[in-house]
Every structure is written in structure tokens, then in C-alpha cells.
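One chain is shown next in C-alpha cells, namely the form predicted on its own.
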């Protein structure tokens, strides 16, 4: 499924915006200005942008935690200023400053964001089942990393999806490392997507460093699901240039990743790949690219200015408990 010029400009713009947000979040975390954790996205931002740039507003989606899902969210149309405020514990945050990065945007059909690995497989399958039962032309974009596919919830979700045939896309962002563990040590087959084939779910493997290739795969998967053909699995082969999260040593098993390793990974920087293509194909000029980058920088600066101006969240016990649900 080839992309038109407008779609390519949208993807490039969202990639630039995601990169700008990610870099400022990294800087803020290093300066001690964020609450909780930050999982840097540099090097691995293309899959989220490709997955979510062409979803409808009423499609369900569950972002991956890399770059805290900002690429997924902004590509879906969410204004991230309330998400930035949430990261700094402000009343104007999307969850009133109580969640750090565990965000929820019900108006965009994004519910829950958990620190539990693979938490989203079974709820997302349920959202797909609900959409199918209601007869709505909605899809579910369920994004997760390679490490989550060792969880029982992943297999339970894929088994239910195989049986019920809901319109769910299992979007695997495989960067080869689950914190420190190598993916090829945890999975006996070359591709994680072979797990989906065992559940009779169609599979596509894509270059996760190429935002345009990711989007083309996403559009094919979306069309498959909207046409009532059941679930689909996309495995994006991506990477990350930084540590799993700030403060955690950047290791492969028990050995540090070397500068040479990182420099080799940076040979396939998604920003460079996208920029070279839009220039080579005449999609954008260098002046237009510069304007997109300037607009992204201004957007992020304005969002942070708004977030910084919000009052600090100091919820009382009653307010905290009002947002907690138990069986």
C-alpha cells in the first residue's frame, strides 16, 4: 500500500514532533524536573508514529512505553501539554497529576497505562470484542515491546483474538532487548511474530527504522481489521540508542553496550532515513523541513510553558480514592 505525498508529510511531521518531545523529556529528566521514570525513545520512535498517524479518533489504541507513547499519542491527535503536566505532578495533567506517565485519554479511546509488562493484551482484546459486537468499524492498535511476548497475558490475548476474530492489531515494537535480556535468548525462533502464526493470525514483518514502511504496514493491517477479517500481527524490527530507562545501566545481559555498538545502531537513525527519503523524492525541500522542525520546537516549548504554569497537584485522600476501582 503506497503512501501519497500528504501522508508522507504527515508522517515526517509527526516523527519530527516526537523526536523533539523525546529529547526535551530526556533533558528534563536528567535535570530532575520529571516525576517517576522516563524511557527514552531515541532510535525507536518510528513504529509508534507509523502505527497511529492514520487511525480514526474512535479507534482504540494502547501505546508502547518507549518515549512514553508520545509518538503514538500525538499521531492520534492528542494534545500533549496535559501529558507533560502529568509528568510533573500538576493539576492540569491528564490524570490530575496523580499518575506520572500512566495516562488515560478516554475521548481518544485510550484507557489505562500500566507499568506491568504486557498488561494491555487482554483488555485490548476485550475492546476489540466490544467493537465487533457493536458492529462498529473500529480497530484496536495494541502496541507492545518484545519483552511482553514472554508474558502469559500475551498468549491469552492472542488465543482469544484467534477464537473471537476481533479487529485487533498486535503491534510488536521489537528492539532486540527487554531491559538487558536479548530477545534471541528469550525466543527460540528468529521472529517473535512466529508466535502469532501459531494462533493462525496473519503476520507482517517490517523495518521499524523506516516510518514510511511502518505506516504502510499499519494501513494494510487497519484495512484487514476494518473489513472484518479478524486480528493481524505486525512486527517492527527497531532499536534504541539509549538505556531502557534513565538511571538503569545500559547493558546487554551483564555487559555494557559499547560506544561502537551504539554508533553502529545510529547508522540507521529513523530521523535520517526519513529526511533523506523526503528530500530525494521531492516530498519536501530543506526549507520546508526546517520550518517543520522550528514548528515542532515551538510546539514543545509552548506545551512545557503551559505545563510549568499549572498548579502543583496536592490531592486529598478522598480524591485519590475516587479514582481507584477494586472488585
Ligand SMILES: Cc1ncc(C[n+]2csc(CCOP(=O)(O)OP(=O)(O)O)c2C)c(N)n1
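Numbering follows the first chain given and starts at 1. Source: prediction; values computed, not measured.
Heads up, the form predicted together with the named molecule isn't pictured, but that's what we're talking about next.
Comparing 145-153, 81-89, 248-256, 212-220 against the named molecule in the predicted complex, the single stretch with non-hydrogen atoms within 4.5 angstroms of it is 145-153. Highlighted residues 131, 165 and 226: none comes within 4.5 Å of the named molecule in the predicted complex, counting any heavy atom. Note on contacts: among 201, 94, 177, 74, the single residue with a heavy atom within 4.5 Å of the named molecule in the predicted complex is 177. The closest heavy atom approach of residue 106 to the named molecule in the predicted complex falls outside 4.5 Å. For the chain shown alone, residue 186 is not a contact residue for the named molecule in the predicted complex, no non-hydrogen atom being within 4.5 angstroms. Under a 4.5 angstroms non-hydrogen atom cutoff, the named molecule in the predicted complex has residue 115 among its neighbouring residues. Residue contact with the named molecule in the predicted complex: residue 66 places a heavy atom within 4.5 Å of it. For the partner-free chain shown, just 244 of 217-255 comes within 4.5 angstroms of the named molecule in the predicted complex, judged by any non-hydrogen atom.
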